[in-house]
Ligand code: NAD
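One chain is shown next in structure tokens, namely the form predicted alone.
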């Protein structure tokens, strides 16, 4: 093949990961970038810290990376973010709905505003981002929608009414999205992690150790062993690897699954 006959290069694919400035979301974003995707990051918090995270991400992957600080409880802001991503960046090929919040309380004491915010971030925002990416994905006849649900999308625990309801709803939304796109090159799937050793979970372990007077290692073991028959945490990198597989051509006929990565929690 001569130079003039060289096949055109394929455009680089782009991914949006919500809640991608720390923890699981950042691990997923790093893995996607390592696999050749351009990333759109999303997170909230201290502006200078977010900028530092974005800059470090760009340095790691030698790329320009936009970062949105959209409030996922506000539909108008979500719609504006999705419109900008489509009109200014050309849309995304992979959407990873990862952002989530938690609140623990018995139902009769569960503050209504807490219920509303957990449902808004963990479920409604995923509907709105999905609604935003589907037209462009349909036009290109390609897309991957990957929802980070939870083992609590498959089973329940006390005092987590809003979180369990939202994650069950997210599994249901995933299935509907998969059915509505079944005759296209778009797939929708959910990943259902168990305990993941993130900074937030480490804080829980430290709080348990402080309250009990036991060692961090003992509390770490007991926390995870309460749910995981393996007595081992899931790592953010393991979840990221599952996202890479679901985003790949190898998973083009994986549609509507809720994949537990939970140390055997939901096998009981």
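The shown structure was predicted, so the numbers you read here are calculated from the model rather than taken from an experiment. Residue numbers count along the first chain shown, from 1.
The form predicted in complex with nicotinamide-adenine-dinucleotide (NAD) is left out here; the points below concern that form.
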{"property": "Segment assignment from 198-206, 32-40, 212-220, 56-64: heavy atom within 4.5 Å of nicotinamide-adenine-dinucleotide (NAD) in the model of the complex", "result": "198-206"}
{"property": "Interface residue in the model of the complex among 85, 121, 162, 186, criterion: non-hydrogen atom within 4.5 angstroms of nicotinamide-adenine-dinucleotide (NAD)", "result": "121"}
{"property": "Triple contact flag 19, 73 and 193 to nicotinamide-adenine-dinucleotide (NAD) in the model of the complex, non-hydrogen atom at 4.5 angstroms", "result": "yes"}
{"property": "Contact test in the model of the complex: residue 99 vs nicotinamide-adenine-dinucleotide (NAD), heavy atoms, 4.5 Å", "result": "yes"}
{"property": "Contact flag, residue 247 vs nicotinamide-adenine-dinucleotide (NAD) in the model of the complex, heavy atom cut 4.5 Å", "result": "no"}
{"property": "Any non-hydrogen atom of residue 148 within 4.5 angstroms of nicotinamide-adenine-dinucleotide (NAD) in the model of the complex", "result": "yes"}
{"property": "Interface membership of residue 44, nicotinamide-adenine-dinucleotide (NAD) in the model of the complex, 4.5 Å heavy atom rule", "result": "yes"}
